[in-house]
Ligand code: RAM
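In structure tokens, one chain follows: the form predicted alone.
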Amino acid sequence: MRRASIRRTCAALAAVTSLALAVTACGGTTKNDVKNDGGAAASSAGKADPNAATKKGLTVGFLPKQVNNPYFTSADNGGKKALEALGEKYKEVGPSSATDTSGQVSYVNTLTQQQVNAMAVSAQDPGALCTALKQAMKNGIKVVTYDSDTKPDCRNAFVSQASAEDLGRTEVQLLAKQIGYKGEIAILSAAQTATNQNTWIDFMKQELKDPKYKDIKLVKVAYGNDDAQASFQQTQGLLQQYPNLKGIISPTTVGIKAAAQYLSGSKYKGKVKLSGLGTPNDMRKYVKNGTVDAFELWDPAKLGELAAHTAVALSSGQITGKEGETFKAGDMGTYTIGKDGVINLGKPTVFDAKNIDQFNF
């Protein structure tokens, strides 16, 4: 996937504050994006003791890409809640701009100087933070990345939002249910070269090979280049070209919002189903006015909560970040560390009329 393609995937949202959030939301790293650059740093940092007592009074610093951003406010509050329940101390620092990589480096250095026990970082750039993060680890600080990863040898573990396979397959499952497993569907993607989008679409096509989808036909993959106007026009074009279209999947927060905008003002409202990846704040009005039944993304509060539990487990010596280790993350259950120190949050969260008002990002 990596940064260039993801930045294109989310670029059209950067112009306004409310949509800058979605840049963050779809700008993270998922499990399948992590490249093996020698393995997680913690994999050789001693032996884990899963029965070790959870240490109390630990200080965990959260460093998001951008403070006062609704997405990261939700994520970090999830971390704060978990830490306070465990008897630990929470603090948050970070830049006010979502592109301030140098600022993130300085905040890593500050947390290191303050001798926090652990830090949870959403990396602006895969490589730019490495030197600072490695220095933190040399000082005995446990480093967890969440939402957006750095290189595996520059942190102890990465908490991933969802796997690429889960994102691709569940989007098909969600739309298929809405159209009664029958009819023509299309995909409205971002750029044709966007690695993340193409990976998800490949898994969508694999999912559609299941016999239960035998009456569903994928007629076209359209590309809106993560531009709101272009995505709007592509939606219009799809419906003109395929008048019997029953549903659209848009695995991009820009595309799904633009498609919903078009459908809500057309004769297709409520007749052509729309699903994909979106944020509750972008999609709320379209769910409430009947344009969209349900869509999905990950829950940032759960992501922050798992990052906090991971940081405490590392600091307590219950895990080191090695593949195969397991730990208890409170009410979230037991998690197993995968290859390169990756911990997968789980399947995406589905948002609909029943729960959408519970979220603010």
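Source: prediction; values computed, not measured. The numbering used is simple: start at 1 and walk along the sequence shown.
One more form of this protein exists, namely the form predicted in complex with the ligand; it is left out here, but the text below deals with it.
- Although the partner is absent here, Tyr335 is not a contact residue: none of its heavy atoms lies within 4.5 angstroms of the ligand in the predicted bound form.
- Put simply, Pro152 is far from the ligand in the predicted bound form: not one heavy atom of it is within 4.5 Å.
- Thr253 belongs to the set of residues with a heavy atom inside 4.5 Å of the ligand in the predicted bound form.
- Proximity of Ile185 to the ligand in the predicted bound form falls outside the 4.5 Å heavy atom cutoff.
- Though the ligand is absent from this view, in the predicted bound form it lies within 4.5 Å of a heavy atom of just one residue from Gln161, Ser275, Thr235, Gln104, which is Gln161.
- Partner contacts here mean any heavy atom within 4.5 Å of the ligand in the predicted bound form, and among 262-270, 285-293, 89-97, 67-75 they occur only in 67-75.
- Annotation for 281-300: interface residues with the ligand in the predicted bound form are Leu297, Trp298 [heavy atom within 4.5 Å].
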